[in-house]
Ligand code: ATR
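The data below hold one chain only, encoded as structure tokens and taken in the form predicted on its own.
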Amino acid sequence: MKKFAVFGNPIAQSLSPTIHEMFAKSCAEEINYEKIEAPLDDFETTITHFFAAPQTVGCNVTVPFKERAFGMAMHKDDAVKMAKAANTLMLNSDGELCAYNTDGIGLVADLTNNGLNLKGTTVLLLGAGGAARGVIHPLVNAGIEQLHILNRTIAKAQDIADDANNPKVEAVSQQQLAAHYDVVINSTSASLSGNLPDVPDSLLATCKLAYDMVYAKDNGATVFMAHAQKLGAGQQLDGLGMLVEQAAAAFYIWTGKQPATANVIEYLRNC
């Protein structure tokens, strides 16, 4: 039986086993997928032992280990290089560790699934952490017209824009914001602590979509979503669909099979 896992600390809250077991069932794959809480001071050894076990195929990595997973890999895809963080690992046929970042693929897929055509759109990305880095290239590749990055520390946003090396991607200050964006994406963790990112209400009031990368507990709205709805944003979404879609991209990397996702998202919404 093929073995998989998700590594994090803490990890008890992870939905990944449920998601991947549903994928496996729909794709006629027999898998064992577990949660592993890696020690903060010994992540690398834990990963090495995991991949040394028979029938091990790959794993997911979540906070706070994504940057360390990136550092361990011998081979890295473009998204990983841009993000400087990996959420998916596997060994190639030569036994070499390969790293991927599927977060951006998951975001774009979720936006598309919810009826948004990204081609020609203007996007405001809030935050300049690893979550922001991971979605830059997929958004650009989806055909957006302009991507502005707003962060409390503009130097961090500028670092991302410099690494993106694309004229469509710019770091901006509050004073440099455009008058309107089609999509406003919150990549900060502010909602997890009940706070709002620092963005003008006028931009949320006029956007087509306000998207929060974190997902709402108990199927409610995040603080960011509720605020955007109150102001008049056309649509509000949380990151549950992104979570499932990034997992589907990882499953495809490991197995070569593309699982259906709509039923998984619906199940998680209702459970």
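Values in this document were obtained by computation on a predicted structure and should not be read as measured data. Residues carry their position along the shown sequence, with the first being 1.
From this point on, the text means the form predicted together with the ligand, which you will not see here.
Heavy atom within 4.5 Å of the ligand in the predicted bound form - residue from G71, P200, G143, G129: Exactly one listed residue reaches within 4.5 Å, namely G129.
Contact residue in the predicted bound form, from S189, Q158, T112, N166 (heavy atom within 4.5 Å of the ligand): Looking at the other structure, the residue within range turns out to be S189.
Exercise: N151 in contact with the ligand in the predicted bound form, heavy atom 4.5 Å: N151: contacts the ligand in the predicted bound form.
Options 171 to 179, 192 to 200, 117 to 125, 71 to 79; stretch whose heavy atom lies within 4.5 Å of the ligand in the predicted bound form: It is 192 to 200 that comes within 4.5 Å of the partner.
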